[in-house]
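Shown here is one chain on its own, the form predicted on its own, set out as structure tokens.
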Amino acid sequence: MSEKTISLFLFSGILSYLFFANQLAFGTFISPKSGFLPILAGTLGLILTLLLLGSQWRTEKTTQQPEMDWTKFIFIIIGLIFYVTMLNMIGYLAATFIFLLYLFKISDTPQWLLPLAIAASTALTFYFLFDRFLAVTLP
């Protein structure tokens, strides 16, 4: 039941994301505008969420799954709110690094070296990919 609830939450979030993304100009495939990537990403997310929902409705629950840890879920939502708030204050690179490290520690990843390395490399990779290579302005 909790998996379906989370999937429905994701589905409604992606629908609202697509609603706001549709306010941006899409352009064409040859000459994309500011709404091109958000609409493409939202459409892909919507398709994946629909596939996930469909597979969850078709399968019967035969095995006992562990209870969902709602405390971690609430901490993730709090982290997302903090991330969006801090993004404009300290910049993409620092906010993303802190948020990813926070997510690793919430998910009980052991030790500190591996989460630090993955968080730093992920934030730097996306920074160089979008800011330097694709010349997309990050917040």
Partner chain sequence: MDVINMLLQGFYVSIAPTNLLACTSGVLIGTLIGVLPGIDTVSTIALLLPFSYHMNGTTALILFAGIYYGSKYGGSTTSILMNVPGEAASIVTCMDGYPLAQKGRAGAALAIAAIGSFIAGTIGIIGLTLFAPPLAQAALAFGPPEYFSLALVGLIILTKLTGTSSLKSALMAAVGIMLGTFGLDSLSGISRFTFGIDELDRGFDLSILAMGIFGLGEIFTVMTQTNSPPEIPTIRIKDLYPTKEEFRRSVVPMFRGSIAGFLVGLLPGPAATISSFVSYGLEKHCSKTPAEFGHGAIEGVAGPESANNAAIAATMIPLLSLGLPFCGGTAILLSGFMIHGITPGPTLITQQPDLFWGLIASMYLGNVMLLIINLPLIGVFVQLLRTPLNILMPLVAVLTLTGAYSINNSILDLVWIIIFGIIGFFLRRTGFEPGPLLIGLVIGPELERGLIQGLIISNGSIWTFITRPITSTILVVGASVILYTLVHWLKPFIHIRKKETRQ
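Heads up, when I say rigid core I mean the largest set of C-alphas that superpose within 1.5 Å between the two forms. Positions refer to the first chain, counted from 1. None of these values were measured; they are calculated from a predicted model.
Unshown form predicted together with its partner chain; subsequent notes refer to it.
Trainee: Using a 4.5 angstroms cut-off on non-hydrogen atoms, would S12 count as touching its partner chain in the predicted complex?
Mentor: Although its partner chain is absent here, S12 would stay clear of it in the predicted complex, with no heavy atoms inside 4.5 Å.
Trainee: Contact with its partner chain in the predicted complex for L129, defined as at least one heavy atom pair within 4.5 Å: yes or no?
Mentor: The answer is yes: L129 has a heavy atom within 4.5 Å of its partner chain.
Trainee: Verify the contact flag for L93: yes if a non-hydrogen atom of it lies within 4.5 Å of a non-hydrogen atom of its partner chain in the predicted complex, no if not.
Mentor: Result no; L93 lies far from its partner chain in the predicted complex.
Trainee: At the 4.5 Å heavy atom threshold, is Q111 in contact with its partner chain in the predicted complex?
Mentor: It does not: once its partner chain is placed as it appears in the predicted complex, Q111 has no heavy atom within 4.5 Å of it.
Trainee: With its partner chain taken in the predicted complex, which residues across 18 to 36 come within 4.5 angstroms through any non-hydrogen atom?
Mentor: Contacts from 18 to 36: F20, A21, L24, F29, I30, P32, K33, S34, F36.
Trainee: For L124, decide whether the Cα shift between the shown form and the other one is 2 Å or greater, given a superposition on the rigid core.
Mentor: No, the C-alpha position differs by under 2 Å between the shown form and the other one.
Trainee: Could you check, with the core superposed, whether the Cα atom of F26 shifts 2 Å or more between the shown form and the other one?
Mentor: F26 C-alpha, core-superposed: shift of 2 Å or more.
Trainee: Any CA movement of 2 Å or more for L53 between the shown form and the other one, core superposed?
Mentor: Shift of 2 Å or more: yes.
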